[in-house]
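One chain follows as C-alpha cells, the form predicted on its own.
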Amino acid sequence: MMTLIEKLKVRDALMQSIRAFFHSAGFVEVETPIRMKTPCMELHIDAEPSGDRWLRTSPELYHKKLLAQGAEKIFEIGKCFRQGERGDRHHPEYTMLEWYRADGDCNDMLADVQNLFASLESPPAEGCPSGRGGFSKPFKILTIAEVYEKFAGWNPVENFDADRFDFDMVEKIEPALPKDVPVILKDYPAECCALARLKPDNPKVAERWELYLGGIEIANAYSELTDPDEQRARFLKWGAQRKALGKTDYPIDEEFIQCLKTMPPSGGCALGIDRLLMALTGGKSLDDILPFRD
C-alpha cells in the first residue's frame, strides 16, 4: 500500500504531466472564477451556495464565453463543488480538468484524451506508476443503445425513461463494463444532455461520450450546443423539472446565452482528476487519495 505522502507525489507528477501535455499541444491554461452569479442549469447537479453567489460545479460557462471572444484551445485545472455528493466516488469538493477546442467536436475530444493517456503511460511521469490504469490499451467504444439492449433489455434512445435510464446505468450497465481497458460510452439520448449538440441525422441522439476506467466514470465530453434559442429552451425545461423535484431553479445566465451567437462550433471535455488518481494508484475510494477528507 502506498502511503499518503507517496500518493501526493503521484498526484504532483500527474498534474505536471497533464500540464505538459496540453502546453505541448498548443493549449493556453486559463483561470476562471470559482464563485459565480448563475450556476449551470443541470437536472441532477446542485450548486453549493456561497453568500450571494454559488460555487461553480464546472468552469464550462466561463470557458464558452472565452471561446466566443476568440480563444481557440484552452484548459483549466481547478476546484469545483457539488452540493450533497459524498461517497466512494463523490466528494462535495473535487478537482476538475476541463478543456475546449474551437472548431472541434466530441471526436476531437476523444483524440485528445487518447493522446493524453498515451502521454501518461509512456514515458510515465517521475514517481507515477506506469500501467496501473491500462492507459496504453486501445479504447473500447460502445454506444448507449447497444449496451442498454445487451445488459438492460431496452433501448433508451428510442424509448427514453429517465428514472429507468439512471437506475439501469448504476445497477446494470456500469457493473458490466470491461474493467481492464478504457471504455467510451457514446451517443447518449438527447434528453440526457443539457449543453450538447444533437446529431444532424438523428436528433434523438446527442454528440456526447463518457469515459470509464476500471468501471468508474472519469470524463464527459460534448460537441457543444451553439444555438442560443435551443439552449434557452433546454434551460427552461430543466429548470421546470428541477422545481418539480423541489430543487432550486437557477436563473439563466443571459450573458452566456448571448455568447452562443458568436461562439464557434466547439468540443469540450471535463475529466475528474481525483478519480483518475484513484485509477493510477489502485484506490477503491476517494478516501484513499484525498488528504483531510471530512
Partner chain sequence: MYDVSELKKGLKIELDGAPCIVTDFQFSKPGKGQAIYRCKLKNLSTGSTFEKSYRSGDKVDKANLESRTFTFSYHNGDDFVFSDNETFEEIHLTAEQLGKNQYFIVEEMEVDILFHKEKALDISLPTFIEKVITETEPGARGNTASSNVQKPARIDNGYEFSVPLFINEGDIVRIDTRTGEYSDRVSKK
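Just so it is clear, the structure is predicted and the values come from calculations on it, not from any experiment. Positions refer to the first chain, counted from 1.
Keep in mind that the form predicted in complex with the partner chain is not shown, yet the notes after this line are about it.
In the predicted bound form, does F167 come within 4.5 Å of the partner chain, counting heavy atoms only? Heavy-atom contact with the partner chain at 4.5 Å: present for F167.
In the predicted bound form, does E42 have a heavy atom within 4.5 Å of the partner chain? Yes.
Do E93 and the partner chain share at least one heavy atom pair within 4.5 Å in the predicted bound form? Heavy-atom contact with the partner chain at 4.5 Å: absent for E93.
Does any heavy atom of W99 come within 4.5 Å of a heavy atom of the partner chain in the predicted bound form? It does not: once the partner chain is placed as it appears in the predicted bound form, W99 has no heavy atom within 4.5 Å of it.
Which is the contacting stretch out of 198-206, 152-160, 99-107, 218-226, given heavy atoms within 4.5 Å of the partner chain in the predicted bound form? Checking each option against the 4.5 Å cut-off leaves 218-226.
Using a 4.5 Å heavy atom cut-off, which residue among V183, L116, A194, V147 comes into contact with the partner chain in the predicted bound form? Among V183, L116, A194, V147, a heavy atom within 4.5 Å of the partner chain in the predicted bound form occurs only for A194.
Tell me whether E85, D88 and E171, taken together, all sit within 4.5 Å of the partner chain in the predicted bound form, counting heavy atoms only. Yes, each of E85, D88 and E171 comes within 4.5 Å of the partner chain in the predicted bound form.
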